[in-house]
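The data below hold one chain only, encoded as structure tokens and taken in the form predicted alone.
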């Protein structure tokens, strides 16, 4: 019985931590459970969770994607600048296309260079992030643009950023839709299962008939596309498109993925569990804000949480 209980606790540890955090914060600070704060939390769900869901596939596949920060910045500034010339729908389409294309370009650089290890992919993605971020700065001249500067209608972005359907924010509904698509893709398609095999052992995956290069292209393209979606949701909420908009999102996304139980060694993970990891990261930040914890201490707590998650992942690997 005790072994069964311990197994259940390990299996649902992140969920228990989320519930425990909610309960403790609600007791200490009653404002935490107000409808206004719940709506605010749901709006925060969008950007981070979307990046983290895309990052999940890259990490399962045996890599880490640091380029999402640069992709988010580039998508934001280009999308906003295109609203006047081609309209809202056209601008969003181009923004999503840029995100997917950037992820695809990452995969081409990785596969063509023969970068099959996590370390090689990590530094390539960092270089690509600098490239995309630098392009965003060149595109804008380093200037931050605002939705209020747009002369034509931008109501669709206002809806994405602050609209609600009942008690749910529009960004939360977008997240639920994308989660459903990615969950089905991961668990009920051949390619979704191939990603785990590729991340676990690329040589073995190749010997079993899996097209490893094709799988690598798919995971990086998904990550780029999700970074593009996240960028559009984020700048719609903050109403500004900065050439450094995505700064810090790559680290928070990695934190959410690892805390959610995806192994940094690759080959094992779940997009659904990443959502729980992101929820814990978001709720932790929200709780500390309400309790008056400084930003510096919040960064310390996030760092400790990441170290703990990696340590526990290594313990599981040894066992």
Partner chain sequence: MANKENDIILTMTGVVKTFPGVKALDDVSIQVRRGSVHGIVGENGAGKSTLMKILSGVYTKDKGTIIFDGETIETTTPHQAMQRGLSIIYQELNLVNTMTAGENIYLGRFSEVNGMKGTHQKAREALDRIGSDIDTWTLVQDLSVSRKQMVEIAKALSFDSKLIIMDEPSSSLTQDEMKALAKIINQLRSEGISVIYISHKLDEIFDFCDTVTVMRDGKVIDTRPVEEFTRMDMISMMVGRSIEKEFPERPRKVSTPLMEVEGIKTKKLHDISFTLNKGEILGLVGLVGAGRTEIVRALFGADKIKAGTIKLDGEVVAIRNPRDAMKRGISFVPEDRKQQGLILPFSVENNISIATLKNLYKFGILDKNKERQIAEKHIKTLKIKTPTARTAVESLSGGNQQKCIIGRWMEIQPRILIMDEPTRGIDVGAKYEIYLLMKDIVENGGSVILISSELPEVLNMSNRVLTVCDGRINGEFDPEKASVDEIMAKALGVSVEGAMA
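The shown structure was predicted, so the numbers you read here are calculated from the model rather than taken from an experiment. Numbering follows the first chain given and starts at 1.
One more form of this protein, predicted together with its partner chain, exists but is not displayed; see below.
When you look in the model of the complex, the only residue of 98, 205, 160, 178 with a non-hydrogen atom within 4.5 Å of its partner chain is 205. For the options 110, 210, 78, 128, the residue carrying a heavy atom within 4.5 angstroms of its partner chain in the model of the complex is 210.
Interface membership of residue 118, defined by any non-hydrogen atom within 4.5 Å of its partner chain in the model of the complex, is ruled out. Contact check for residue 267: a non-hydrogen atom falls within 4.5 Å of its partner chain in the model of the complex. Contact annotation: residue 200 falls within 4.5 Å of its partner chain in the model of the complex, judged by heavy atom distances. Mapping the unseen interface onto this chain, residue 155 falls outside it, with no heavy atom inside 4.5 Å of its partner chain in the model of the complex. Screening 135-143, 110-118, 190-198, 162-170 for residues having heavy atoms within 4.5 Å of its partner chain in the model of the complex returns a single hit, 190-198.
Residues of 134-163 are not found to place any heavy atom within 4.5 Å of its partner chain in the model of the complex.
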